[in-house]
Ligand code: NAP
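One chain comes next, on its own, written out as structure tokens in the form predicted alone.
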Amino acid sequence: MKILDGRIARASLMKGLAARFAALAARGAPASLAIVQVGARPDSTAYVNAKKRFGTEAGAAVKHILLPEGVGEAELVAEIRALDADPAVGGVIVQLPLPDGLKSRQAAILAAVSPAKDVDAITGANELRPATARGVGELLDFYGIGLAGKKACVIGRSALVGAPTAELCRERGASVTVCHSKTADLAKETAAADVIIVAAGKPGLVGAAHVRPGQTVVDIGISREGDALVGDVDAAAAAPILGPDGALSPVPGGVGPMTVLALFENLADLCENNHHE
């Protein structure tokens, strides 16, 4: 079985991305990403730190704004808008999830980011693809896995992950079925697919009963069980069924590294678009 290792794929693309950031800096328009985090939730902090490390490696500056968990909506929005208006900032993201007190206002808070700085492509008002979907596409490209004429089953409907990933598959010529964790007879839907992409956030949702030999399975899900990070696929159960002609992305180390890469590729796109010579 082929392992779709996002760390290897990302390393192969890093040189090109670093060259783009170097070119921007040479033009006097260095790339800078601002990350707004509310509260010191450990998993969110870990994700922010991973972005900081990657930014340093790629040649982009990362500004981390940590606000207290009890911050009000007005103060948070004011911070986002100030960053959005700062010409030295090329992209702005709000680290999700927000604390419970702000979750009901999430859409309004995220809307404070203008399309010109929306590196996460949350507003849908620029031409960027959300980072996870872009990362999935580049992971498949790296391993030479095409989608044209194939059947794809995408499990998960979220606006930031599931929906744009399904759209990616359609654009590449796949016939797409969109499911979710409560889909009746999920195993029937997944078994009919050539490619399964699962982003439900339900550990072990896809197991031996859901796969058949030769399929490609891309696991976007990530959850914490104790000290371990786990995906939506029971890899130990699925791998023997997929067999030598199958492919599976691991968690961690599969889509995650590609998502961070794609976020900074989006940043490069925005900076280049906003700093035409």
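Just so you know, these numbers come straight off a predicted model, no measurement behind them. Heads up: residue numbers just count along the shown sequence, starting at 1.
The protein also exists as the form predicted together with the ligand; that form is not presented, and the subsequent description refers to it.
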Only hit among 126, 177, 114, 158 for heavy atom within 4.5 Å of the ligand in the predicted complex is 158
Partner-free chain; cross-checking the ligand in the predicted complex, the single residue of 59, 39, 246, 221 with a heavy atom within 4.5 Å is 221
Between the ligand and 182, 202 and 205, in the predicted complex, does every residue show a non-hydrogen atom at 4.5 Å or closer? yes
Exactly one listed stretch (71-79, 84-92, 101-109, 194-202) reaches within 4.5 angstroms of the ligand in the predicted complex by non-hydrogen atoms, and it is 194-202
_Check residue 255 for me: does it contact the ligand in the predicted complex (non-hydrogen atoms, 4.5 angstroms)?_
yes
Taking the ligand in the predicted complex and a 4.5 Å non-hydrogen atom cutoff, the residues of 122-154 making contact are 132
